[in-house]
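One chain comes next, on its own, written out as structure tokens in the form predicted alone.
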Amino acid sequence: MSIDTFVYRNTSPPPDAAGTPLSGKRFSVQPNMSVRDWPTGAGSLALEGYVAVENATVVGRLQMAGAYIVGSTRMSEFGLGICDDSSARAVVDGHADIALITDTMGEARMAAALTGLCGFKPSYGIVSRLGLIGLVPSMECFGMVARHPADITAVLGAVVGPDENDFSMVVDGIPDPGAEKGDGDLRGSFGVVPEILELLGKEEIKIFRENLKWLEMNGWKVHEVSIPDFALFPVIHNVIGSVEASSSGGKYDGVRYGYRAQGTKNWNEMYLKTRDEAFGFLVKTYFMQGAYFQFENYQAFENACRIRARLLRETQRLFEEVDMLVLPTRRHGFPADTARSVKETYEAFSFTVLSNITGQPAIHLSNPRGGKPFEPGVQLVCPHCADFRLLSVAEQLYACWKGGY
């Protein structure tokens, strides 16, 4: 990995943290995650030269748990998509043991799927977002990429918990690492959404069914559970996400801070030129789309919010029938790492946006031995705040793959 894709910013020896939960673990962060005195440009010209003045809550908690924050990765602008992102490569190439990556529409899971790693998105509202510079506040969170789900379990145990300075956090039900983590044999039932299979090619369906057969052979039960409007998830994310992004991005105007265009004649021209120059094509298009729904077609945004609430209720009801959902993570022919338009990005992330819309935890699992079964991997989704049970199941699956069961 070249110097422009990973930058070592902490070259001093790691502190003596013997006995702490994350002692000896090296972490990378994206430059939209505040680490005091580190450049925090969020991958955008709009924040060129910005240096964080304090740690994000998550960064502070990691350091308290003995973690060693070693450096920064490249990232897509404001963490939207994974084009140009190098978070997972930092783990694959040995620069870090765990990478923090913004998960707005499934980035942690998709990055893991493309590199044979494990990628996790926690329940919305159980991990503080304070210090995360993003675009879609109701759907984004700190995601994690590592080689094994046990590493993610340790990380989540260190960072989960209330933060009085983050008003987006849930008030009740934040999972307790000790009480929620499952013990013993956790083999239960997985739900398969048949509407997803309609979007897969023949070879993809064959591989996915082999995965399901492997689960059944190893003691898990598999049932079909329907989400008739599954195809609406990317549409709803697109409408709501672009409106939130357009609103969030309004502060990057060249007046108060950040990049300011030069050679303009007046404030209005400076503002327009700054907005034109400060953002890349994907983010700029996303902003324009959001502005359309805000000012020209607000009814569509209101309808999207209502449909989001309905999809959440429908998804929650599925967990009365099964313990977890098992879904493909990515689609053949829709590469997320080269998607540069809004259309291409949503096509690539159409299977992962579900949990960002519902706020439920999700994990991508790649077979640690490579090859079949579970190649190119699957994602599991479980009820909100059942994160540690999800991770316990993931650990048990990894043990099965390695011949432990």
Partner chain sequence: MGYEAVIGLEIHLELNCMTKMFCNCPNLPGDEPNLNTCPICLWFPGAIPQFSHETLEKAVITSLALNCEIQKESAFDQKVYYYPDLPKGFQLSQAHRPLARHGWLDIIGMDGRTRRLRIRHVHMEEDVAKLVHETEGRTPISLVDFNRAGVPLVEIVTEPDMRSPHDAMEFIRALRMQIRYAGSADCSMEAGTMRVDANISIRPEASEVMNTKVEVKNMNSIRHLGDAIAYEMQRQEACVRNGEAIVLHTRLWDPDRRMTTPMRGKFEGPCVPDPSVPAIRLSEEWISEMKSRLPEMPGEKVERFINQYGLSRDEAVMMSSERDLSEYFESVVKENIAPRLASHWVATQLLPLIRERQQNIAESPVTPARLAALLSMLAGEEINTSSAKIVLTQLFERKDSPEAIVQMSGFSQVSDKDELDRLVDRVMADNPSAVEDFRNGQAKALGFLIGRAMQASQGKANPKMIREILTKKLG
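It should be emphasised that the depicted structure is a prediction, and the values quoted were computed from it without experimental measurement. Positions refer to the first chain, counted from 1.
We do not show the form predicted in complex with its partner chain, though everything after this point is about it.
_When its partner chain is placed as it is in the model of the complex, are F230, R331 and I357 each within 4.5 Å of it, taking any non-hydrogen atom of the residue?_
No.
*Candidate stretches 212-220, 108-116, 80-88, 287-295, one within 4.5 Å of its partner chain in the model of the complex by heavy atom*: Single hit among the candidates: 287-295.
*asked:* So its partner chain isn't shown here. In the model of the complex, which residue out of G188, P162, P194, P137 has a non-hydrogen atom within 4.5 Å of it?
replied: Of the listed residues, the single hit is P137.
*Tell me, which of P175, P234, G131, P149 has a heavy atom within 4.5 angstroms of its partner chain in the model of the complex?*
Of the candidates P175, P234, G131, P149, G131 is the one lying within 4.5 Å of its partner chain in the model of the complex.
*Is the gap between H95 and its partner chain in the model of the complex 4.5 Å or less for some heavy atom pair?*
No, no contact at 4.5 Å.
*Please check if N238 has a heavy atom lying within 4.5 Å of any heavy atom of its partner chain in the model of the complex.*
No.
*Can Y271 be called a contact residue for its partner chain in the model of the complex at 4.5 Å between heavy atoms?*
Because a heavy atom of Y271 falls inside 4.5 Å of its partner chain in the model of the complex, the answer is yes.
*Does its partner chain get within 4.5 angstroms of any non-hydrogen atom of F208 in the model of the complex?*
F208: no, not in contact with its partner chain in the model of the complex.
*asked:* Suppose contact means any heavy atom within 4.5 Å; which members of 157-177 contact its partner chain in the model of the complex?
replied: Those in contact are N165, D166, F167, S168.
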